[in-house]
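A single chain, nothing else alongside it, follows as structure tokens in the form predicted on its own.
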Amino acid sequence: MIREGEVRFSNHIRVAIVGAGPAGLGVARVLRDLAIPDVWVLERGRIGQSFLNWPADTRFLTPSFPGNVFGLTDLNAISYDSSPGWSLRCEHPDGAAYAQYLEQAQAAFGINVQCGIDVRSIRPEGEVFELETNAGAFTADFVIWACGQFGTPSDGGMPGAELAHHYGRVRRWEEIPGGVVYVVGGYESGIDAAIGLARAGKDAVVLDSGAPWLDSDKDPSRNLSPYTLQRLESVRKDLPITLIPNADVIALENEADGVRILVGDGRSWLSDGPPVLATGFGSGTGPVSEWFDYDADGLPMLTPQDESGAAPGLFLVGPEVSHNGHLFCFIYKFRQRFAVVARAIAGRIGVDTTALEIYNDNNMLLEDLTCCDDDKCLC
């Protein structure tokens, strides 16, 4: 692994991939299989840094298990021939364990990773991109933006949000003060927070504008996963978790005795200490937002090759990729787009794409992935 501060690449590289998480390392692996030279993954922290920043008790929602002998890929793997379930001996790994898997994958696949490089902006300059970083300026023929969303907590513009702790900033639930802790938001991170708080000996009260814990929608991209529902059901028998539906929190106000939580229908609760905001995350494309257009849901609008329409040669991989209403927000979904991006880049530099047939053999059908019509989208 490259040591922080030890810049190993030249001032110009063929492909710069920003972010050393599953998206960045996964697409780098596919480019390596095509023998595209001078591909570098640039990471401002460590490999898997976002996962290292997860709350200590948070675990993967999707089960991780090896099925390679049957031609199936581990749901949380970055490639068809690796498995965190096998290497970690864990079905639902925590963030630290998954970061360990990513480091193992980087070493095993020989992926060039440069840590300690904070890419602050990019700018098209003729036929190349100029990248402004903490280590100076570099240029690249292609840029693949692979930054996730965990590093951009969102409070949704809620007045008084500074009086709370956002889920994305919490490392250990026992460090949250107060015997009774209110959680604003009842989706995945909200329920995970409630379970973590209850296990830390606190009374957890979840406020949500709906009741996602009762919704029967089977799509885990839009509702609570079976794993979360199972965890919730098992701990509520013994731990103090209160779920309050139809509580649309509109503001937080500071009072002498704590923080007042205001709901749109006039109800309110007084919290002794800071509530926890489980209000989601913003876009990970912030530093390059000027080179993307966004739809009504705030998602980047992409070409069928997952490319920016405003800056050709700038691609997006990861959980924000969306086509025709289908959101590729889990690893097993967005890794299906790696071959699409790789084929686009390879075609422009005249590299043989025969190696991509192996992805066809592993249920990553390129002809289906180029455009994501409702009848063929592999979501």
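In case it trips you up, residue 1 is the first one in the sequence shown, and so on. What you are looking at is a predicted structure, and each value in this text was computed from that prediction instead of being measured.
There is another form of this protein, the form predicted together with a small molecule, and it is not shown here; the text below is about that form.
Annotation: in the predicted bound form, residues S10, E130 and P300 none come within 4.5 Å of the small molecule through any heavy atom. By the criterion of a heavy atom within 4.5 Å, A247 is excluded from the residues contacting the small molecule in the predicted bound form. D118 belongs to the set of residues with a heavy atom inside 4.5 Å of the small molecule in the predicted bound form. Not displayed here, the small molecule is approached by T58 to within 4.5 Å at the level of heavy atoms in the predicted bound form. Contact annotation: F150 falls within 4.5 Å of the small molecule in the predicted bound form, judged by heavy atom distances. With the small molecule omitted here, the record of contacts in the predicted bound form names 46 to 54 of 341 to 349, 30 to 38, 306 to 314, 46 to 54, defined by a heavy atom within 4.5 Å. Note on contacts: among V181, A164, V143, A146, the single residue with a heavy atom within 4.5 Å of the small molecule in the predicted bound form is A146.
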